[in-house]
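Next comes just one chain, in structure tokens: the form predicted alone.
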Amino acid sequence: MPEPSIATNNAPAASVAPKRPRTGRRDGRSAILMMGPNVGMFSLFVVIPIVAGIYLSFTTWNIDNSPKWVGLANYTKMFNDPIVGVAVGNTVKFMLFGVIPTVLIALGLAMLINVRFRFVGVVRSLYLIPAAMSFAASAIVWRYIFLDGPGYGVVNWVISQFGVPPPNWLVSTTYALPALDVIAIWLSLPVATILYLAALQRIPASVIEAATLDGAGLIRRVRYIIWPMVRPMTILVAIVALLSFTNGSFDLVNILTPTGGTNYATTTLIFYIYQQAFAYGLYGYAAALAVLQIVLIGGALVALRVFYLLGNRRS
């Protein structure tokens, strides 16, 4: 009796499409919910004012009347205004001679307080003092430090002890802007130092110890180990300092040199914008100057990015 044959099914099994995980959808919705308020606030306080400012730069407007379209008249006036060139030059000098010392001094302070010694806690507390003060409050304190005349301030008193006639810092066309830069550097150091300290603490201690055992001195360790490893943080420090110097200069100029200094020696672009808008009521022209400042800041940020890329290519 023949055995019954067992039927085999050689047909390919029907492929079942895997179900799409819902985790990705939930993560996407959660991201939108978390980013929504931030995007909304950024649009409300940054994007919309920039767009409105660009529109106003093509108009003439005061508080009493509606804006009137004037085309490129404000920009033509801006390029023919000699004070604009002075204000842009002061702004560039204020940023350049402020950001570079801030980066170098902050890195040195971060390296100092990153080392364990007896009074490191006191030093860490002292360098944070400027972070608790605003630009306006600091300007009032530093006004008495730079005080000239019979009741010398601290700086002029020290200079006078060496038999040198102290300058009138806040009136001088030579020393007024550097004096404001010193204050801005002092105020920017805490944040910059904290950022550098965070970067230094990410460097493995074994790398520093190995370099020390191989005979590398402090300068070589800084040049070949520390600086390359903190270079990404340097760009962030420079950007934070750049924005601080650009916007914070207004408080210092307005309080210490309310007229913009002798022969516009301390008139920065942001202070000149304030004068045109609120002293003379030229809001359209002030908006055009604000657009110029946005372009100036954007150019500085691009320059920092190029500097960072060139540094990476050389390394």
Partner chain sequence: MSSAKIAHSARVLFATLVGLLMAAPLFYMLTNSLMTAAQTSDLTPQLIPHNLDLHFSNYTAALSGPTEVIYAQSFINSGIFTFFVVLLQWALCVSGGLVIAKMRFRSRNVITALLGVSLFIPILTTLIPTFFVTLKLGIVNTYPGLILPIVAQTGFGTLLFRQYISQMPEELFDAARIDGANWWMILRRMVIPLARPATGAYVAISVLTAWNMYLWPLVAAQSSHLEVLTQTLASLGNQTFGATSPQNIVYAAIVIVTLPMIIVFLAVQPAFVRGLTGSGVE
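Numbering follows the first chain given and starts at 1. Take the two forms, superpose them, and find the largest set of C-alpha atoms that agree within 1.5 Å; that set is the rigid core. In this text, all values refer to a predicted model and were calculated from it rather than measured experimentally.
Not pictured, yet referred to below: the form predicted together with the partner chain.
- The closest heavy atom approach of T267 to the partner chain in the predicted bound form falls outside 4.5 Å.
- Proximity of N168 to the partner chain in the predicted bound form: non-hydrogen atoms within 4.5 Å are absent; the residue sits far from the partner.
- Taking the partner from the other structure, the partner chain in the predicted bound form has a heavy atom within 4.5 Å of a heavy atom of L33.
- Shown alone here, V306 lies farther than 4.5 Å from the partner chain in the predicted bound form, counting heavy atoms only.
- In short, of 105-113, 205-213, 74-82, 176-184 it is 105-113 that has heavy atoms within 4.5 Å of the partner chain in the predicted bound form.
- The single contact residue among G153, P101, P228, G89, judged by any heavy atom lying within 4.5 Å of the partner chain in the predicted bound form, is G153.
- By the 4.5 Å heavy atom rule, the three marked residues F97, V222 and G281 all fail to count as contacting the partner chain in the predicted bound form.
- Contacts of stretch 108-129 with the partner chain in the predicted bound form, defined by any heavy atom lying within 4.5 Å, are made by L109, M111, L112, N114, V115, R116, F117, V123, R124, S125, L126, Y127, L128, I129, listed in sequence order.
- Put the two forms on the same core and the Cα of F278 is off by less than 2 Å between the shown form and the other one.
- Superposed on the core, the two forms differ at P37: its CA moves 2 Å or more between the shown form and the other one.
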